[in-house]
Ligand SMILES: Cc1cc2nc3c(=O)[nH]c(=O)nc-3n(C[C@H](O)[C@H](O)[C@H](O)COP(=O)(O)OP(=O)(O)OC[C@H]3O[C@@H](n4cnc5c(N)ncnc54)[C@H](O)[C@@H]3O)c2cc1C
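In structure tokens, one chain follows: the form predicted on its own.
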Amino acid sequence: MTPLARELERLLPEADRLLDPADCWAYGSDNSRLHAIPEAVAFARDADTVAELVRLCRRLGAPLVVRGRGTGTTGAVVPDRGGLVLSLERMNRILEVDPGNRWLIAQPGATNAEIQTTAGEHGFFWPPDPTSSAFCTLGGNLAYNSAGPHAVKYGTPRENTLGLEAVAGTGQRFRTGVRTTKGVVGYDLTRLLIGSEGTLGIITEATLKLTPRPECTHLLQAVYPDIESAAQAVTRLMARAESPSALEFMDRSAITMIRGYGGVELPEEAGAILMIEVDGSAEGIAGRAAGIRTVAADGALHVDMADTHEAMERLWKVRKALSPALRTIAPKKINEDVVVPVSRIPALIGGLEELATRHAIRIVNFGHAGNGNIHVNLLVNPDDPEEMQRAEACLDDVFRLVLSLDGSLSGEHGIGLVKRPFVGRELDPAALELMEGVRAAFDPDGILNPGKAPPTPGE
């Protein structure tokens, strides 16, 4: 038995630890295709246990990877260097809801859906709403700064989190942020921790900023002959004083897939689709939706609008048909979530079409047009070595294209293991050196999720 296993037997009850490799197997992966078996798995139920486990790993020099439900796609919670996987899925309580101050305090293991349900009982919601909200945890949302379609109007977790409690790599517990809507005392460690993928500290509690639920929601589906027309509409929509609450995009290849596998009727000449959600008060929603429709209609083949639940479900059927179609055609596809300035979406899509032809790789694009956050799906078969070789070259060119358009390599999926080799292309050596110094301050021995932090200059 290893020293780590012996110490875990001493510290934790049998129900809160896994030591057999067969039992640990399931905690060696996330929603990527990467996998590595950890030396052990621990389940924490409170912040004191988290701190004690961090101190143990520091004393033994053992890597420590913290995880929620493993819905991430970049390998950020894969324990590729062994050590301990610390699961926070049992720290899942919602501790306090304060409608008067518009906050909710929860532990990291609570799911996004549980938070939305609790907030909804008081007439509020927490704006970040990833597609995996029924399964993903708050801790994961914060670790990746994962947002979802409503970020276009309401922002990401960074804009919707007031403060955190966390444990540094030293085992020291600390608090960040405020419980007020203003506060400038000290450095903004809250926003620094959010998006750090467990490399700076382990979040044990979060104070979330809630938003009142809108009284009404309308949905528009605008069909365009080409990506240029759709992108021009996006630019016009985002220039309005009142932004859409969601603005989703699908390109021609996605439309073709839906038509073939989803049984959805769309015109043959459809080259792009925008799904535009508008929310607001009952008194003002009709006028707001009419204004959005007028802007969206310029250059469109047609625009449909829905103002009832049934009608909105009918329009959303187009978007909801895409994921099942993708799973049918390419269950092991490569899914990237790059970001470019909104005005450069046409150049991105045009470039992706050229790369698909050059590398003989089918690419399907959709995503959050209002943020320029496009999900680029390379439909590949990992069991075909020759195709995977072409896909790797294609992916390299995808990232090069994105950066040439002043974009970013990740909008909400994080870096993990998958994108770490490319980070040096986006961040300059001086920035990477400063980040290394920040990492050393939080985690001087480098035990927290090693190999996932931004690389050192030249690495």
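A residue's number is simply how far along the shown sequence it sits, counting from 1. Please read these numbers as outputs of a predicted model, since none were measured by experiment.
Same protein, other form: the form predicted together with this ligand, not shown, and the subject of what follows.
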Which one of P244, G367, G198, G169 is close to this ligand in the model of the complex, taking close to mean a heavy atom within 4.5 Å? G198
Please tell me which of I374, A230, I363, A147 lies within 4.5 Å of this ligand in the model of the complex, judged by heavy atoms. A147
Counting only non-hydrogen atoms and a 4.5 angstroms cut-off, does P108 reach this ligand in the model of the complex? yes
With the partner left out of view, is P63 within 4.5 angstroms of this ligand in the model of the complex by any non-hydrogen atom? no
So in the model of the complex, does G70 come within 4.5 Å of this ligand, heavy atom to heavy atom? yes
Spell out, yes or no, whether the shortest heavy atom distance between T118 and this ligand in the model of the complex is within 4.5 Å. no
Answer range among 131 to 139, 297 to 305, 170 to 178, 214 to 222 for contact with this ligand, defined in the model of the complex as heavy atoms within 4.5 Å: 131 to 139
Is any part of 80 to 106 within 4.5 angstroms of this ligand in the model of the complex by a non-hydrogen atom, and which residues would that be? L88
